[in-house]
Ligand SMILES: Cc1cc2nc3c(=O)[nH]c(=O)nc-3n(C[C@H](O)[C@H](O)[C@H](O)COP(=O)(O)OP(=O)(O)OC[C@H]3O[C@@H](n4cnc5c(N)ncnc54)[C@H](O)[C@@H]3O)c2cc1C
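A lone chain, given as structure tokens: the form predicted alone.
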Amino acid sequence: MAIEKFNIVLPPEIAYDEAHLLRHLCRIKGLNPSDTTGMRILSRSIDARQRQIKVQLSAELYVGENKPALTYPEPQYRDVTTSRHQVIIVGSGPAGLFAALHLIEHGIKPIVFERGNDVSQRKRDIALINRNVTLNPESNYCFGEGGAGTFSDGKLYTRSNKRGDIHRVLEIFHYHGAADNILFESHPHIGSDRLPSIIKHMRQTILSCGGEFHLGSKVDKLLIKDGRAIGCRAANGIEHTGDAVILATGHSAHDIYEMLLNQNLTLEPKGFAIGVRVEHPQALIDSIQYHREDRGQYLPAASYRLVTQVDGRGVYSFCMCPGGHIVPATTTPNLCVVNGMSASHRNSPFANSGIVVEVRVEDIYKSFDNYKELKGLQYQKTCEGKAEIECRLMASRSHTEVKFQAPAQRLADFVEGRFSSTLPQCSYVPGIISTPLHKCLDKPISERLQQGFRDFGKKMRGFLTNEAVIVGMESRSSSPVRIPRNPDTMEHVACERLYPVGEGSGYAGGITSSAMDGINAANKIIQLIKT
């Protein structure tokens, strides 16, 4: 078989049209497209820094034989039904799922506890929130099979290269049904429309290999013997023991922190971030980033990444969702929390992103010191509750009943400290209510956000506009609590065989980094069992 390799710079209309790309590559090599037996894109990334947009592309052409199947080594999942070793995993987000799958590859049985419902029922639970009907505190945008990442943009890009094998995480997603393009795009994402079926396939893999998956099983107690974690108990009475416990509960499982404190296990406060979610027309972001009025049919919805320093604290974009939607992410009815998501095609007319302000432990008011390890968590809840109260107050003036509507303000009005008498269209389905967010945010947060937006308006001309709307609160970008662990063994500092992992434990910040953290913990357990 002849393989022709290319590393080439192309315009978007060629790089993103496979038929056109094939003809172009054949022309370079003097081939007829009918002579080829296949083409594979190996990597693709956009360079939009100049007005002439370029796409860096690496590809292979195959001549003479059929294009070979994708060459990454498929995971070798083993039957663990009768395994002598089993590990308890609390939480089925990316950290928990990837830990479970990795354990199965090494012949160890995972037993997964998940407080929420499966992905099919979660869709129905989420629909009730969006229709302003009711909130299931155990099954929502944050809780349930797959964790908070299931109904998100599914961004897989991370800078955490030292955590582990990023490509292996992408391959495992692909093996369970993700599209081929996550293997070659520079900023891969799966999409909220495709993630649920992928997560379901992961559960089916676990079950088919003899692992266990207990849905609707909220863990309320760790089983500890002689300073060693041996299992856990759920509120529904299910109890299991094993060789170790992986705690992968996510950043919104606040009751887990209380459980740990009640069992005399150490926690510590950590810095986090608070802000808002800003939404622009996607066409506006496209025109700013691509330097043209219309991105056309080939370029993807444009994204951005922004960061600045204000008064010694970072102000930055987080979880930017091109062609996306803002969604209600609270787990408690009296708190206002929002997040962002987008489908695989990113075809919504809106672009949204969290814009958050760094909050260090020393920034938290001394009035929260009585909460000790949970001072940051209590401050977070207070900010979310204040936004909810202000939203209800504004709604009452127009005799509007509030359930899951969110406070909102036009962006330029927020920066200038003006009330917004009207609001633009917004993707947030439950609805938005005009609220002076510049007043209901704590003053240091509000002022840093205002200056941050001014800085961003200079970096992206047209970004600071009243065409954009901010929606509050974006407060769950990271956990305000860390569950301390030994850096070498990954075990809790005061409890052997207890492995805190992922976002909720304070050690990751997204799907891919959480997945790698779960895999790393699984590897520590594998080494322990095999020695």
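We number the residues from 1 along the sequence you see. Bear in mind that the values here come from a model prediction, so they are computed numbers and not experimental data.
Below, we refer to the form predicted together with the ligand, which is not included among the displayed structures.
Of the candidates G323, G452, G231, G250, G250 is the one whose heavy atoms come within 4.5 Å of the ligand in the predicted complex; the others do not. The contact residue chosen from G275, G340, P110, P407 relative to the ligand in the predicted complex is G340, the criterion being a non-hydrogen atom within 4.5 angstroms. When contacts are judged by a 4.5 Å heavy atom cut-off, F456 does not count as touching the ligand in the predicted complex. Under a 4.5 angstroms non-hydrogen atom cutoff, the ligand in the predicted complex lacks S353 among its neighbouring residues. The ligand in the predicted complex comes within 4.5 Å of a heavy atom belonging to S217. Using a 4.5 angstroms limit between non-hydrogen atoms, G154 touches the ligand in the predicted complex.
With the ligand omitted here, the record of contacts in the predicted complex names 111 to 119 of 308 to 316, 111 to 119, 435 to 443, 397 to 405, defined by a heavy atom within 4.5 Å. Counting a residue when any of its non-hydrogen atoms is within 4.5 Å of the ligand in the predicted complex, the hits in 73 to 105 run V90, G91, S92, G93, P94, A95, G96.
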